[in-house]
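Starting off, we have a lone chain in the form predicted on its own, written out as C-alpha cells.
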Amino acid sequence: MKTVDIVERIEGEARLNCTWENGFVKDTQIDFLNFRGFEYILEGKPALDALVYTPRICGICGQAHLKATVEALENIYKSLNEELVITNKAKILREIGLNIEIIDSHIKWFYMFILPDVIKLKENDLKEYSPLKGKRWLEACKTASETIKALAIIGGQWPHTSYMIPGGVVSDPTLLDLTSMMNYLDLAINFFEDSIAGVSFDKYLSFNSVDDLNILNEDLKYFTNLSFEYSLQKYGTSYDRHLALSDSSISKRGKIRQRLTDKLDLNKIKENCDRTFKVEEDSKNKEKHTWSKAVTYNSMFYETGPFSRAMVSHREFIYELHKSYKDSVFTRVMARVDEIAHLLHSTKELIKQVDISEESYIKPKISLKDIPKANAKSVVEACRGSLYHNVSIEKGIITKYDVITPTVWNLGPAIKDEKGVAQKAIIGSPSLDIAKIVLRSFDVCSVCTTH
C-alpha cells in the first residue's frame, strides 16, 4: 500500500510518500515541489546586492543567510591576503542577531509545529494549545514576538535585515538599546521558566542526566509524557552521524561518525542532483521527484541541527539523553528546546560584552569591483543546522552562487540506494501521524530547500 500526504506548517509545504508493509513504513520519499531559483537570480548581480537578496531566501532564518553572505564576501578579501579588520563589537552584534533569530524560531516551532501534532496522538482538542485562540499558544506567540524586537533594535527591522556588510555592521546601539534588549530576553527567560520547563532557569541549565527529566514540569513534562506513551523515544532514528560546520557562542564545529573530530574540509561537501529536477532538463525523468538536492560530507549523509550541535559540543543533558534514546524524535525535540535556554543565557552574556565606544564598521580599502576574479565560501549555524554559501565574482559581479541549507542536509533525497537522513528516520514508523512527526522533528523548511 502507498499513501501520499501533503505536509503543511513547515515554512512552505512538502509531499510525503510512504509505502507500507505489515502496518509500518517500509519506504518513503519526500518531495519539495515549489522551485524558487535564488541561485539563478543572483547571477549577474553586483556582489553587495546579495546582502539584500539572500536574507529573503527564508522568512525565518534571514539573519543566518545574511551572515553567511557577508562572511563569504569577507572571505574573498581573506583569499587575496587583504583580510578585513572586523571589530569585536561588530562580531558580537552579528552573533547576538543570529542567536535571537534562532530563539524566536525554536519557540514558534515547538508550539506551532511539533507540540500540536504530538498532542493530537492522544486527543483532537488542543485546548490551550489551539492555534490563534489557545492561552499557551498565544503566550508563546507573544514571547517570540517580544524576543525578536531585541533583534530589530540592532537590525533596524525583522525579517530581512541587511545591517551586516563587509567590514562590520551599520548599527550603533546605545546603552539604553542594550538594556531594552536584555529586558526582552528576560521576558523569554520568564516564559521558559514558567511555561516550557517549569523549573528555575539556573536549575534547568544545570541538568546533566536522564533523571533530570523527572524534575521537569509544564510543557516539557507534557511533551515527555506523551512521547513515552507513544514511543517517540524509539521512532525517528537515522544514521546517528552528526555535523556542525561552524562554531557559535554555545557550540563547537565538528562531526561525529564513530568518534568526534573538529577537522572539517569544506571541499568534502558534495551536492548530488540524480533525483533533483533541473530547469533545463526534461521533467518526465521518473528518477527525479523533488527540487531539493542531496548533499554529503565525504560521501556520507550527516544530520545537522540543534541536536547535532549538542552532540558535537558534548552538551551534557542532551548527550546523556542520547545514550538512552539515540537519535530518536524525543531526543531531537528535546535538543531544540534545550538550545533555547542555552542561547538565552549566552546572548545575555554577549550583550554585556558590547563596548559601545568601539567602531562598528571599518571600510574595506579595496572595492569588490576592483577584484578581477575570486571565490570564497562561508558556513553558519542557522536555526535548523549548518548553512553553506559559496560565491564566485568577477569585477564585483556574481558569476555563481551556491547555497546548501540545513533542510537539504536533513531532507534531501536518496543517492543511489542510500536513503537521505529523514527518509531513513521515517522508515519503521507505525502510522502516518508518527511519520509526519518524525519529519517535523527536523524542523523542515521548504522555501530554504528549494531556494
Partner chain sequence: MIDSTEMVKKVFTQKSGRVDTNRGDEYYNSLFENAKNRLSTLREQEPLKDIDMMDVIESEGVNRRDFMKWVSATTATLMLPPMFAPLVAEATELMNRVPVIWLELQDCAGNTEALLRSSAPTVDDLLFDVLSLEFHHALMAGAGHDAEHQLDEAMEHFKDNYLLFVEGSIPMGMNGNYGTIGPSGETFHDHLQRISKHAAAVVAVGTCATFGGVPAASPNPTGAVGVMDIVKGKPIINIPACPANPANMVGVVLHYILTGQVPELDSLLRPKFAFGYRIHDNCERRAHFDAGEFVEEWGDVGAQNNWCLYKVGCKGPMTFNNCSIIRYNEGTNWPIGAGHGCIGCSEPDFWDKYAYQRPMASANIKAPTGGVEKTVDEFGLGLLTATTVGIGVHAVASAVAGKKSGEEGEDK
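Please read these numbers as outputs of a predicted model, since none were measured by experiment. Numbering follows the first chain given and starts at 1.
In what follows, reference is made to the form predicted together with the partner chain, a form of this protein that is not presented.
Heavy atoms of every residue among 53, 59 and 278 are located within 4.5 Å of the partner chain in the predicted complex. Note that among 147-155, 240-248, 91-99, 214-222, the stretch whose heavy atoms approach the partner chain to within 4.5 Å in the predicted complex is 147-155. Heavy atoms of residue 294 never reach within 4.5 Å of the partner chain in the predicted complex, leaving it off the interface. In the predicted complex, the partner chain sits within 4.5 Å of a heavy atom belonging to residue 45. Not displayed here, the partner chain is approached by residue 159 to within 4.5 Å at the level of heavy atoms in the predicted complex.
Shown alone here, residue 171 lies within 4.5 Å of the partner chain in the predicted complex, counting heavy atoms only. Contact with the partner chain in the predicted complex, judged by any heavy atom within 4.5 Å, is made by just one of 187, 138, 121, 205: 138. When the partner chain is considered in the predicted complex, only one residue from 317, 113, 77, 230 comes within 4.5 Å through any heavy atom, namely 113. Residues of 32-54 that come within 4.5 Å of the partner chain in the predicted complex, judged by any heavy atom, are 33, 34, 35, 36, 37, 38, 40, 41, 45, 46, 48, 49, 51, 52, 53 in sequence order.
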